[in-house]
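First, one chain by itself in C-alpha cells, the form predicted alone.
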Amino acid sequence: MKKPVLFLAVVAISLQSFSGSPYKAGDYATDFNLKNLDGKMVSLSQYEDAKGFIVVFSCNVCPVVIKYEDRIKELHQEYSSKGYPVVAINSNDPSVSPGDSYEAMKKHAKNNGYKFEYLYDESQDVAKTYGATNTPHVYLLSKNAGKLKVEYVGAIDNNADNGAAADKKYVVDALNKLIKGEQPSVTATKAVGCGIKWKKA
C-alpha cells in the first residue's frame, strides 16, 4: 500500500512545479513584473524600443550556468544594441539553494560585471508559467503585433564546456534569422544544466 501513496506524492510534487503547458515556438508569452537588483520592479513592457528579448532562466551557483556566463554576457553585448537584450531570471528557492538568495544575486552580478537585468522570481510563478526546468534555459521572444511571440526555446549552444568548440549556436543563429526578418531554422532544443530548485511542498 505504501508504494502507490509514494507514487501519488511524487506526482503531486511534480504537478506543483508547473502551471499549464510549457511554452513552445509559436506560443505567446506572458509578461512579468519582477524585482531587479536595485529593488525596482521590471517588466518587458518597459522596454519600449526592444524588438524582442533573450530571456534566460539562470542562477548564481549552477556549474553549467557558470560555464555559460561569458556567453550570456556576450549575447547581451552583441544583441542588445540590435533590439534583443538579455533579461536573466533567478527562480531558485534559496531555502533549497542558499547560494541563490536575492542578496547573493546582487554580489554575483557585481562580481561578474552584469550589464543586463537580473530579476528575482521569488514566487517561482514565472518559471512555472514559462515551463522552465533548467538553468540555463533560454526563451527567445520577439515583439509581434504588441505581443511576445516565442521564437526559440532551449539551450544556448551544443557545447556547455567550450563555447569556441560549439558548432551549433542555437540562440545566435535564431537571433540572426530574426534580425533578417526570417524564421529561425531550429526552434527547440533540450535545455542542459541544473534543475530549477523548486520550493518544497
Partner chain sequence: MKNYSFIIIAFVFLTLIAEPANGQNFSQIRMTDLEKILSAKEDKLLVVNFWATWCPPCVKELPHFQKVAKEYNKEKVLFLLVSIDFPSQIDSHLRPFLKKNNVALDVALMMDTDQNEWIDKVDPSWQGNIPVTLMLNNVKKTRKFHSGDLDETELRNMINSLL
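Residue numbers count along the first chain shown, from 1. Everything quoted here is computed from the prediction, not taken from an experiment.
In what follows, reference is made to the form predicted together with the partner chain, a form of this protein that is not presented.
Candidate spot Ala88, Ala109 and Tyr120, all three touching the partner chain in the model of the complex (heavy atom, 4.5 Å): Zero of three within 4.5 Å in the model of the complex.
Contact of Lys190 with the partner chain in the model of the complex (heavy atom, 4.5 Å): Contact with the partner chain, yes.
Heavy atom of Lys35 within 4.5 Å of the partner chain in the model of the complex: Taking the distances in the model of the complex, the answer for Lys35 is no, it never comes within 4.5 Å of the partner chain.
is_contact(Pro63, the partner chain) in the model of the complex, heavy atom dist at most 4.5 Å: Yes, Pro63 is a contact residue.
Ser142: touches the partner chain in the model of the complex, heavy atom cutoff 4.5 angstroms: No - in the model of the complex, heavy atoms of Ser142 and the partner chain never come within 4.5 Å of each other.
Location of the partner chain contact in the model of the complex, chosen stretch of 171-179, 24-32, 42-50, 128-136 [non-hydrogen atom, 4.5 Å]: Only one stretch passes the 4.5 Å heavy-atom test: 128-136.
Residues of stretch 116-132 in contact with the partner chain in the model of the complex (4.5 Å, non-hydrogen atom): Heavy-atom contacts to the partner chain in the model of the complex: nothing from 116-132.
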